[in-house]
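Considered here are two forms of the same protein chain, supplied as structure tokens in two stand-alone entries, structure 1 and structure 2.
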Structure 1
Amino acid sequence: MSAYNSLTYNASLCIGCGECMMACAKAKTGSADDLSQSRIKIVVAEEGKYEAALCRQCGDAKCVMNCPSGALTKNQANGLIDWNADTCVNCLLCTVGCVYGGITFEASVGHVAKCDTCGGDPACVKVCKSGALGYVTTAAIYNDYGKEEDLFAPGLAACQGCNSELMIRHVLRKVGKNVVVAAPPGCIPGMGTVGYNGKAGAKVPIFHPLLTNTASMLAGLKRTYERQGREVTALALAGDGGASDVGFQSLSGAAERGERILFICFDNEGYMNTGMQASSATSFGSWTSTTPVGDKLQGKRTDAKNMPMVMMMHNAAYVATASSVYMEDFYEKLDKALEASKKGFAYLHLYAPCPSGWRFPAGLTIDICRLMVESNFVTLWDYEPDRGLVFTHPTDKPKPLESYLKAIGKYRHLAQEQVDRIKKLLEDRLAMLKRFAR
């Protein structure tokens, strides 16, 4: 089974200009005159608001199930619902199955018509100026890396909805087997990646350094391999505690010395596996078990240390922030980081929302990741010393910060002053980062 590209529609951005329908009608009939020929239908919802009817290329398509003549099929290669003019008998039962208005009878051509994404290059998306229509091609990544071996065993004991588990599996699929992994105390070994007596959850050499000496131990291993003439990737999979608190001294030293290792920090803003204590990466106002909410305290009193910025100030060979909602961006950065780690120190900071510790439903992890970026709570960028900092996701039209804070239980108690302070902090940080951007 493979993942597929898909057309997306964001109603809140649509301005109802109708360009998409014209482009579609033109692509399908050669003329933009008859908008009824368009396979995407923009309809007015209310004054200035629009909705769309469009084939969603369903995975369990009812139109296909309802077709008595075998004219509709789910194309396993590209995910499209294919319509075959030769075998279609015009019975219209497909239109009974579709709840989206995605396959409809078009009187002018005398048969049903539906979107075929123009063979993977949709004309409608190209003309959409508002950004309401998109064509998501991330699927290619999942298909490519899905073929690679998952180098962690199934059944790791991470919490439901764990973003870190998801991301370590991605990381090793890309990095491959020629690696030695350091996993200091934290959720990652806690879920069973590091074990003993042959019970490690990783299928590659993995070890469990102290929180304090992760980067130095890994650097020593790397040098030993180099001395033996072996080129092995030295990779740390650490939490934010292991990076920004207890592990900071050795990490800073390794970066300063330009050790040829890749250090990835999975930032879930605290010590989640030991009971959700705060770390220096915990954001201001957060509830944690050591920054409770009560008479005296309203969550954490201090701001989060901005680790990626701190690492940038080490002039490391490569520093980047990433999120699991922008996988193409993530893989590109992982590529660059791996390459850079052959010559010097590379640091990747992954934002890893934690359903158990942050108090949001496990099914919403990816949504939270997205909101986090879209509200500018975190920013995505990468940095190379001779090139400076480049933002990899626009920061100019953020969603309201409240939409992010409200979605997460650990911020439920926040008073307006606290929200204002976070806003101010985020603005200041963004302004500061912008000064590093070229």
Structure 2
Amino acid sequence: MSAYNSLTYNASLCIGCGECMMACAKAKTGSADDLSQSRIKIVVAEEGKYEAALCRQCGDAKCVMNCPSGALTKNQANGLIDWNADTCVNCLLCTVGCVYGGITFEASVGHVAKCDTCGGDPACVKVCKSGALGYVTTAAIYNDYGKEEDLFAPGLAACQGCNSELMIRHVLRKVGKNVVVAAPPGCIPGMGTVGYNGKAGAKVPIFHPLLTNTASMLAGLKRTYERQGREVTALALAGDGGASDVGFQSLSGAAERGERILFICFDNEGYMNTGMQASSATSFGSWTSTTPVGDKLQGKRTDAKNMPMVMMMHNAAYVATASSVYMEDFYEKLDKALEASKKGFAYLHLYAPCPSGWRFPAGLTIDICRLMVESNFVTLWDYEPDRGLVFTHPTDKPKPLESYLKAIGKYRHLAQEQVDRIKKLLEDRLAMLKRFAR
């Protein structure tokens, strides 16, 4: 079964401007004057709130089921509901079956009409200023990699909602079997990826170095394989403790020497596998078991180490930040990182919110990932020495930082002065990054 690209609509972002309808009408008729020709209709749900009548290109489309003449069919190549004028009898039963109002009769042309996504380049999305309309193209990832073998065994012992488990599975589907993996102490080996009771959780060579020597040990293995004439991807899957804290010495040395390895840091802002202790990556004000909240202490007193920036200062062959909510961006960066690791050191910093340690419901992991980026709490970019830094997600219209902080239990205690300090830090860091951007 294939996945398909699709239009999305977020009612909470819609401002009812009607620009999408004008763009659609113009795309279909050459004129934006007659909004009845638009295949998308924005309607008032209640005062200040709007809904969209729009074809969802349903997988189990009621319009198709209701069509007695077979004029409507699900296109298995692109996922669209196609309409055939030659067989349509204008019975309008399709309009009765659609609960989304996505297919309607147009008197001016004498037949039904519906969205066709403008051939994969929706005009409505391009003019939507509020971001209410989107066009999701991550289906290509499923189509390209869904058939690949999952190189971790099912049933790993991760917590519910674990972002890291999801992403290590994606990583190895992309990297493939020609790899040796280093997983230092932390949540990733704690899931059982390295194995226990004599059985490994990975289907590729994987080992358990010390927190202190992950990068140096992996670099040594890479050189050993090279002496044997074998080209093997040397991959580290480490937490922020194994990267920015205890493992920093060997990581810094490997980057300085230009070792041909790929080091991925899964940053969940703490030592979560051993009781939710603070690390240098833990953000200011965070509750952890070692930075409690009480009369004497109101969470972590210091700011998080800016590890991606530190690695950029090592002049590594490739450095990038990524989030699981933007999978196309992640896959592109992973591809670049793999290529860069053939000639030098590559570092990928993946932000990995932790439901258990951060105190938010397990079902909200992806929502938290999205808020991190949309509020500019973190920024997405990549860096190569010969071209500099490039932002891969806009930073100019962030959501209020409070929308992110209020969603997470470890920030529940924050006073306004603490929130203001975080805002100032984020503004300063963004300004610094922009000075490096091309």
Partner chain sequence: MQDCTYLIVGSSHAGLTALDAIRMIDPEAPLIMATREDHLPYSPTVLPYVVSGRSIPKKVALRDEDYFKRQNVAFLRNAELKSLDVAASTARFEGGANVRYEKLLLATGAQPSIPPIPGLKDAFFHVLRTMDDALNLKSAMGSAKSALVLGAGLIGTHAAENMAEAGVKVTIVEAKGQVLPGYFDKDASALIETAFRKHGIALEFGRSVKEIKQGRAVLEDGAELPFDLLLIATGVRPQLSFLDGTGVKTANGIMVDEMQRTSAANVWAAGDCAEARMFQAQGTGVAGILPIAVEQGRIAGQAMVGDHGVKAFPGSVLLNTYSFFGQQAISVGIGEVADGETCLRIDEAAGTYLKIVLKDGKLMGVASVNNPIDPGILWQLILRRTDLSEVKDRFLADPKAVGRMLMSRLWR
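If you're wondering where the values come from, they're calculated on a predicted model, not measured in any experiment. Throughout, residue numbering runs from 1 along the sequence of structure 1. Heads up, when I say rigid core I mean the largest set of C-alphas that superpose within 1.5 Å between the two forms.
Asker: Does the form predicted in complex with the partner chain correspond to structure 1 or to structure 2?
Answerer: Pick structure 1 here.
Asker: Does Thr288 show a Cα shift reaching 2 Å between the two structures after rigid-core superposition?
Answerer: False for Thr288: its C-alpha shift is below 2 Å.
Asker: Take the rigid core as the frame of reference and indicate whether the C-alpha of Arg56 shifts by 2 Å or more between the two structures.
Answerer: Shift at Arg56: 2 Å or more after core fit.
Asker: Measure from C-alpha superpositions the angle of the smaller rigid part's turn against the larger one between the two structures and state it in degrees.
Answerer: Interdomain rotation between the two structures, rounded to whole degrees: 21 degrees.
Asker: After superposing on the rigid core, what is the C-alpha displacement of Gly30 between the two structures, in Å?
Answerer: That residue's C-alpha is offset by 8.7 Å.
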